[in-house]
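Let's start with one chain on its own, the form predicted on its own, as structure tokens.
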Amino acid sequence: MLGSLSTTVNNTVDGPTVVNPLDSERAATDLWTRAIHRLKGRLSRHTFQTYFEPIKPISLEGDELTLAHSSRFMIDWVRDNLLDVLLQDLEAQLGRTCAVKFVVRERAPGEEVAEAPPVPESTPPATSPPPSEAPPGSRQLQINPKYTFDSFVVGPSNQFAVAACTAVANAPGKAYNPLFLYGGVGLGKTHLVHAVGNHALRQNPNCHVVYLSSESFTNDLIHALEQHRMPEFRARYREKCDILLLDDIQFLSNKKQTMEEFFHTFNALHEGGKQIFVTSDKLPTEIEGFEERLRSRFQWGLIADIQPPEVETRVAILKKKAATDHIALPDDVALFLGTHIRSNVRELEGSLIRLAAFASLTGAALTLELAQDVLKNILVVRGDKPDVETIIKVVAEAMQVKPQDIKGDRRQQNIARARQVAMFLTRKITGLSYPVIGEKFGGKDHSTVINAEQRIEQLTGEEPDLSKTVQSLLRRLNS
């Protein structure tokens, strides 16, 4: 089952169109096989196995190659950090520019989870409920053995959160129950969730850890209601669960029946002395559409926050990532990246991967000058508030469009959305008047700016992915 991601790279040229589906799939497979064969020798083993190897080719129609992965997160990572590397190779093969479209592909029953490498025999496997107990289409996730407390870089910004998570992992259900961890996107919340699961399972291999996103919890509930299998649903999350790890609980807001079930699940687990650990991008009191009785439940335990890392911690994160990926990272390059990329760890590590991949493919030395040149479009220089041009450039880079398209008149969906986001952020950050913003965006009418602001405000409340993108851009531009 495939679900299309909204972002497509649209730098296409006219070319032959493959009509027959079998031919389309075969052409895509041939092109992708050649691409990964070439990339395998140019990228680090870890980068290749983690980000490229799990991708599956779907079709090649004209000059658009469709690729699939079962993880939306991994797709976003490749698209944001390694897409330039891939496009360069495809263009070299085809002799012309090529568009790449990513789709989410549901894992087939029994298929290996790509982002979780095999666990050494000495380490007990981290598990979710057995597949036979989960409903078809369930997206319950596996604990990733790579994410441990040892691999997490601790600094003043996250020290309290790490201490709380360690206490919970050492004594599930006894220390800080529930644990509510909140913070911005890409700061390490999910890493700590996995670390708790891994640590608990090492201590007690028979411990039943359930890790999933709030979206998965909602989908499982919907399936159980449709199939009249609510007793099985409740048993899975209440009776057969020792530790419940739930990511992004803010997405349960305004889902009345889902919140009702979670409320009773919470009560059953808490009364049974079972650990509850949830993450969110904001405090319980700040989540709109969240039931007050759930907010009060989180006051029973500990609410901890995780902040953007300081420059020293950011440099330490880069050095650890470089060591893991076998990247020779000079101190001055690490300091440069750590100083200028301040919004979150995901973007920090992504920039390092992009830089290392570019150096590997071009044969260039990884120097400060190379970093300044390769990353110039995504770096925001420290100082006053960014101007309109900077905002447009940063949004264009993040949403994979050209700055001139944002200021132009093209109405293609991805360009129009990027334009609206850029106008929204310009208004929010600079406070310029609607007519002035319209003029800066290629002479648009003030009503266009007003409509963009209202539209993005509406959509960020309806589309979690867009909300995360906007918040990430806002933090980057304001940092």
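Model, not experiment: these values are computed from the prediction. The first residue of the shown sequence is 1; numbering continues from there.
One more form of this protein should be noted, the form predicted in complex with ligand ADP, which is absent from this view; the next part is about it.
Using a 4.5 angstroms limit between non-hydrogen atoms, Q275 is distant from ligand ADP in the model of the complex.
Of the heavy atoms in S151, some are within 4.5 Å of ligand ADP in the model of the complex. In the model of the complex, no heavy atom of F290 sits within 4.5 Å of ligand ADP. Proximity of V185 to ligand ADP in the model of the complex: non-hydrogen atoms within 4.5 Å are present.
Annotated contact segment (heavy atom within 4.5 Å of ligand ADP in the model of the complex): 344-352, selected among 232-240, 344-352, 364-372, 327-335. Checked against ligand ADP in the model of the complex, the residues I317, L221, A195, M259 give one hit for a heavy atom within 4.5 Å, which is I317. For the candidate set F298, Y176, Y147, F102, a heavy atom within 4.5 Å of ligand ADP in the model of the complex is found for exactly one residue, namely Y147. Along 427-453, a non-hydrogen atom within 4.5 Å of ligand ADP in the model of the complex is carried by no residue at all.
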